[in-house]
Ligand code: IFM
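Only one chain comes next, encoded as structure tokens, the form predicted on its own.
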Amino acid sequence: MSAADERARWSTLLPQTPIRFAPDFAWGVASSAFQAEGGDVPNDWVEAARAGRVPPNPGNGFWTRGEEDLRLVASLGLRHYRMSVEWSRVEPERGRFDASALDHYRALCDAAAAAGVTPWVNLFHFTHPRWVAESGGLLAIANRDAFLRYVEHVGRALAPHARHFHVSNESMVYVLTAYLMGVNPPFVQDATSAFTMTRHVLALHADAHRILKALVPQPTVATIEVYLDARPEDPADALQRQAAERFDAWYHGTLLEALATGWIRLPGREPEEIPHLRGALDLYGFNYYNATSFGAQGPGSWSDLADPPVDGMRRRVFPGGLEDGLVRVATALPGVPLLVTENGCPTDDETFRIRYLASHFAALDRARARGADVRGYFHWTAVDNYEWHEGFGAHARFGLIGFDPATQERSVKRSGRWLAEVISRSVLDPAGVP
């Protein structure tokens, strides 16, 4: 395909007029502990890699180069960094907390502040300590209790060093991939287990939110949830419509109703009220990558264009899902500010990444015009890192910053420099989009 033809595929998605951002709009990047740190830590993903079920993860060097990375992030004008704590580093054995690991995470928070970057600390990003995985995962009440003890222990250790926390990353995706689809550890494929885990992750969020809000100084506590805009591949197909609607009712409907009212309603089960789940968030963290199609061949990605741009993981680009999702959440949770906590694309084509970002900034701006109170945007990610089922493949690179696996030397990509210019001017000029 020629460059002109490729540009034409983007023509209806890119902004046509300047997009302006307020001086206090929060620009940041997001990462996860295991995806960046990697290493031979005692968790279930390392065990799954040893069994050949997922790619091995050597990490991108963040565990030893975190301070350098934070200074590099700051140099791009990004003033917020979403990190996470690897539970298995902090509590490698049940009840034994590693003081040196906690000291390291304290130091990372302090290094962020020294660089002029605000740390946002997430406490769970898909990985379990091996001892949790081997004793029933979070289906087991003893392990759910252990998770809350871990939240309190880490919260107390880091609260003087970080004022913003997330309980967990994408709790509904965690349930979907680990307990319904069975593609992530613990590789369970069972609807009953998935519905049970839905209840548990919502209850854990409520309990952990209460624990974190009791800390001194009291932090901001936000969710992180990915929006999977469910669409039938063929709108005329009744079965596809029903599949998309059923998925949406469980995945988004259950979550949003629970946060709004404290009531958990799951298919085939009696409603359950958890009063302190109602309003258990100071900000709604909103992740978005692509819309999800339901078709004859199973789930895929969706676009309203006949020939849309496609990213390195073969996902159709559809910024409209970001716009509609932000508006939907704002309507479901009135008065709750929103923060885009992840958005980005896997590609080794920097022109593609810049266009992807510009098209999604346009969608974000449309959502704001429709009343969504969006306070900031965190790009996924800073330095190229491990993608769960793709490893470090060239097609799965999400970073604004690349690195040499042999030397771990960092290099800012063209998209990173482009975004730095947008941030410095607080405006996206369509003329600057290639």
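Note that the coordinates shown come from a computational prediction; the quantities given were computed from them, not determined experimentally. Just count from 1 along the sequence shown to find any residue number.
One more form of this protein should be noted, the form predicted together with this ligand, which is absent from this view; the next part is about it.
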property	result
Residue contact check: residue 63 to this ligand in the predicted complex, 4.5 Å heavy atom	no
4.5 Å heavy atom contact, residue 125 and this ligand in the predicted complex	yes
Exercise: residue 35 in contact with this ligand in the predicted complex, heavy atom 4.5 Å	yes
Touches this ligand in the predicted complex: residue 365 (any heavy atom, 4.5 Å)	no
Location of this ligand contact in the predicted complex, chosen stretch of 164 to 172, 352 to 360, 101 to 109, 275 to 283 [non-hydrogen atom, 4.5 Å]	164 to 172
Listed residue that, although this ligand is not shown, lies within 4.5 Å of it in the predicted complex (heavy atoms), from 81, 87, 289, 251	289
Sole residue of 27, 392, 388, 403 within 4.5 Å of this ligand in the predicted complex, by heavy atom	388
Contacts with this ligand in the predicted complex, stretch 175 to 198 (heavy atom within 4.5 Å)	none
